[in-house]
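A single chain, nothing else alongside it, follows as structure tokens in the form predicted on its own.
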Amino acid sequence: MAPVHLGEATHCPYCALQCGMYVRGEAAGGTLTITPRHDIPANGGGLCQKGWTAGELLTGGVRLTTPLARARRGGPLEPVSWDEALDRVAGAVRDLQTAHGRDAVAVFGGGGLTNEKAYQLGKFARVALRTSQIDYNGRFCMSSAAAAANRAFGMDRGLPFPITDIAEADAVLMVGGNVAETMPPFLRHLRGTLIVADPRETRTARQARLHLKVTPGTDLALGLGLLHIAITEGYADRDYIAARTTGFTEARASVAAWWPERAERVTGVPVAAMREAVRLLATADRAMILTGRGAEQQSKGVDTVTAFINLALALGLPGREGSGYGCVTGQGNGQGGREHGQKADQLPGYRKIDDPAARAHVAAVWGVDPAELPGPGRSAYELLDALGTDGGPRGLLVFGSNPVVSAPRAGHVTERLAALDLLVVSDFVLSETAAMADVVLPTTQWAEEHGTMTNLEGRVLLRRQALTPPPGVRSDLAIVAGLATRLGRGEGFSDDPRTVFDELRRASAGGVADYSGITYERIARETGVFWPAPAEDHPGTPRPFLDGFPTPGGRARFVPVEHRPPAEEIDDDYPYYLTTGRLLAHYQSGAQTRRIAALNEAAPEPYVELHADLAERLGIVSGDLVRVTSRRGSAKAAARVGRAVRHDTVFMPFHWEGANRLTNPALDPTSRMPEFKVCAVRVERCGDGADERDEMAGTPRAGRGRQA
């Protein structure tokens, strides 16, 4: 029998599992076939419904295939040639920088870009534009966990162990994560006793032995209470603490007043449940503590994650095979995207941009004087907030992001985008942000290009080109190279991903995230390589903490933290908490998934989830149109009544415009993460509102020009 041709081996375009898949067929003929790969441990032959349907955007005729531009301010987007589009962008950039300085033009990237794109985008900002104003939407995703891990362990890698280690754990505490909806193949690794801390009874919480239904914004107090119990009830691993950590005495003193009854009053979690959670973790032979966006997307997210790292250290988990602490990174390349230069304060290899040695090393690779490299710029929300203001950027180039939907206080961010002199968006569909742009540049899709992605384990994977892109589109690498050439800095900007990756390897050499020993051939041969891999004969580092931590003394650090309330408490005017999150059928801002018929049918519109008791008090029944209002704006959606969410809390998914008009941009002082997960709102019934619901549902709006 002839062998079956499975197609090109590549990876899913969505979450940080980066599930392996084969893609076969021709997009032009609409005969695309996707099948799962069994050789990638993260999914091991499984895919979620988003992965199975990922090819529809390649064949469905909804994508952009020609550059678009406005002939006049407020006019319609119209097709133009590539030369005209790139010339217009480069000319506007020169004019803005001549009039207002280098920082008049900013770059906003994305956590779904390949490592090659993230690297070249950071280089483009610093070398071609020479602007300090670059950040990316990953700042909205896992930056708090990254900062907490760096100060505790000396390294940020989402999971500092292979995902398969989780399957060997006897007990797992998941804090603020809902992997059953956000990354369903992850569930195959949750085989032990599961404990979930979440304000909602999510699909993940329903599979848990123990659900800690925490009040929004009090996860930090929960962590302190659990650590108090672990210490006072004799569960702390004193030998591990003495041998492998520093700072325990101070951390112990910081939780002395967090007796269980006090923690219960603050969090709403019963004392008995907290004690049981600690017992299950402490008596397991192998245990894991994992945090997700619920713990991290708070104005105290770094300290919240730190509280759970302190608990993990007290129980002796990090650096022990089969045990540990990890962050369940969300975006497809959320890990790699923050390692190689998209963040405002970082250079490739996870180097700090204000470190003279780091600047000298990277400048040598780039062939520039270190003095030419700008310093740190604004973080993501601060950058968006400054657009079009005195002293703020007048132009913005967006790659792989949709801040009109995904940014906090989204109505305000939309106003700031509208105030720009130049907005350029590179995307493959006309997202809500692209619809506002002066110039839209159509880019290749995931299955139409080579590149590397780094998944939540720190495993560098190879995304292979499976299809020929349609005529008229270009890769982001080609777009950046074309702009750099027009700006007179084209040398060193390639449109070939392998060439860019080889330069990335040199730039990352010696850094925390050292990729210098990773090649395309090696990734293909070994089915992914764990960084750091400082030489081609180095085996890679699947478990970097087994022999010590990359801190000056080789020990992990306890860091004392104090609970504080959310930036915005409920009151008489805004008496309920709002929390937000993702749905099984959709991904991030929905720019991709809301254009796929099967996914849109599964989740066609936003909704407001209320507890039955709250709904009864407000006279609301399922299906009613509900208005939710915060101090920043209002949003309408259909009511969904049940008992999954707390009686004082409402939930909205953030895949549509609406939820993030309400969210609070209060920032964590360290990570600059906005407080997406908790704000104060009021809720009122609007009527059945079928016509209004139809307007909110389904495919994103086709376009809307910015007003003159």
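Given the structure is predicted, the values throughout are model-derived calculations rather than measurements. Residue indices: 1-based, along the sequence shown.
Not pictured, yet referred to below: the form predicted in complex with a small molecule.
Peer 1: Here the chain is shown alone; which of T306, T202, S299, Q346 has a heavy atom within 4.5 Å of the small molecule in the predicted bound form?
Peer 2: Residue within 4.5 Å of the partner: T202.
Peer 1: Have a look at F530, F501, Y350, F399 for me and say which one sits with a heavy atom within 4.5 Å of the small molecule in the predicted bound form.
Peer 2: Exactly one residue meets the criterion: F399.
Peer 1: Taking a heavy atom within 4.5 Å as contact, would all three of M155, T193 and P318 count as contacting the small molecule in the predicted bound form?
Peer 2: None of them does, since no heavy atom lies within 4.5 Å of the partner.
Peer 1: Residue-level question: is F161 within 4.5 Å of the small molecule in the predicted bound form, judged on heavy atoms?
Peer 2: No, F161 sits far enough from the small molecule in the predicted bound form that none of its heavy atoms falls within 4.5 Å.
Peer 1: Mark G223 yes when one of its heavy atoms lies within 4.5 Å of a heavy atom of the small molecule in the predicted bound form, and no otherwise.
Peer 2: Contact check for G223: no, nothing within 4.5 Å of the small molecule in the predicted bound form.
Peer 1: How about L584: is it within 4.5 Å of the small molecule in the predicted bound form, going by heavy atoms?
Peer 2: L584: yes, in contact with the small molecule in the predicted bound form.
Peer 1: Is there any non-hydrogen atom of S671 lying within 4.5 Å of the small molecule in the predicted bound form?
Peer 2: Residue-level check for S671: no, no contact with the small molecule.
Peer 1: Just one of 537-545, 246-254, 590-598, 67-75 has heavy atoms within 4.5 Å of the small molecule in the predicted bound form; which?
Peer 2: In the other structure, the partner sits against 590-598.
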